[in-house]
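This document starts with one chain, in the form predicted alone, laid out as structure tokens.
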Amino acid sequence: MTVGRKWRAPQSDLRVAFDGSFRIDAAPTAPSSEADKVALEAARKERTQEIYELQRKLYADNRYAVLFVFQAMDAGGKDGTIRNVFTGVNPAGFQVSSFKAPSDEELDHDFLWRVAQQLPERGRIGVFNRSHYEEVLVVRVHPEFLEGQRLPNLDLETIWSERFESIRNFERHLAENGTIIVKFFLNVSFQEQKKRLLRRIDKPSRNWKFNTDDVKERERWPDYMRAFEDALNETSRPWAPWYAIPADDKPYMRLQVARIVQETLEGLGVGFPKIDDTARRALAKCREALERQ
């Protein structure tokens, strides 16, 4: 595997092990100690500035694409984290794709088709706000959604293991062809989600973000946690690792994501292309011609 042998996922206690040993009830949802929010935000801004510089090199190098996947329960902080971590990056080399309920056209294709259309090009950073993992999370908790997919050979006993295998193969194929994949599970607690949903109700400027279905989905919290645990264990691999980020403290969460994003880009070893002597002589001639004009 060409990319996998060269690139190594950033080390972190938050990285989900590749051996299937992740247990969601043991994964922290908050930092172990109280931290200075001002200091956390200052550190995050430093990381974001480094991300900006690294993105410029990635774009100029034009060999790798980088995909960051964000999954979380509702009110987990995906939008704000993406906005804060990637503030200031050049839009020419950056794209965000959000995935909601699939359209009729998307349902007429396999479940990976719609995300494949949104993959970043070489030299670009792509972000998936939700992703193909919805098909082994929301759809697993609500298998009735499978009826709309009109699958010819639907077997509820095997479909989830088959989809995990499809995802692993899909992501490995991308990695072998130059796409770096890093996935974030923003791990918000049941109690913190309640607080955030209440704020969406109480604050008029956030009312638009509230979905009445969110309250019903909280009743299925244990089912979602089992689905997340299985998905992370089945698909965290060296070429496409998961990171379970404590999400109850937003400044802490954003700093951890920014650190992993920065270290991912640094690990590629990309830089501005260097020209050879022939090209350098051509540039000198162009300079002479411009100066004579």
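Quick note: we count residues from 1 along the sequence shown, nothing fancier. Note that the structure is a prediction, hence the values are computed from the model and not measured.
One more form of this protein should be noted, the form predicted in complex with a small molecule, which is absent from this view; the next part is about it.
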- Query: in the predicted complex, which of the stretches 179-187, 87-95, 115-123, 205-213 has residues with heavy atoms within 4.5 Å of the small molecule?
  - Reply: 205-213
- Query: Is the gap between R168 and the small molecule in the predicted complex 4.5 Å or less for some heavy atom pair?
  - Reply: no
- Message: Using a 4.5 angstroms cut-off on non-hydrogen atoms, would R150 count as touching the small molecule in the predicted complex?
- Response: no
- is_contact(A101, the small molecule) in the predicted complex, heavy atom dist at most 4.5 Å: yes
- Task: Give a yes/no on whether F145 approaches the small molecule to within 4.5 Å in the predicted complex, heavy atoms considered.
- Result: yes
- Query: Taking D13, M225 and D230 as a possible spot, do all three reach the small molecule in the predicted complex with a heavy atom inside 4.5 Å?
  - Reply: no
- Task: State the residue from I82, L174, V138, I159 whose non-hydrogen atoms include one within 4.5 Å of the small molecule in the predicted complex.
- Result: V138
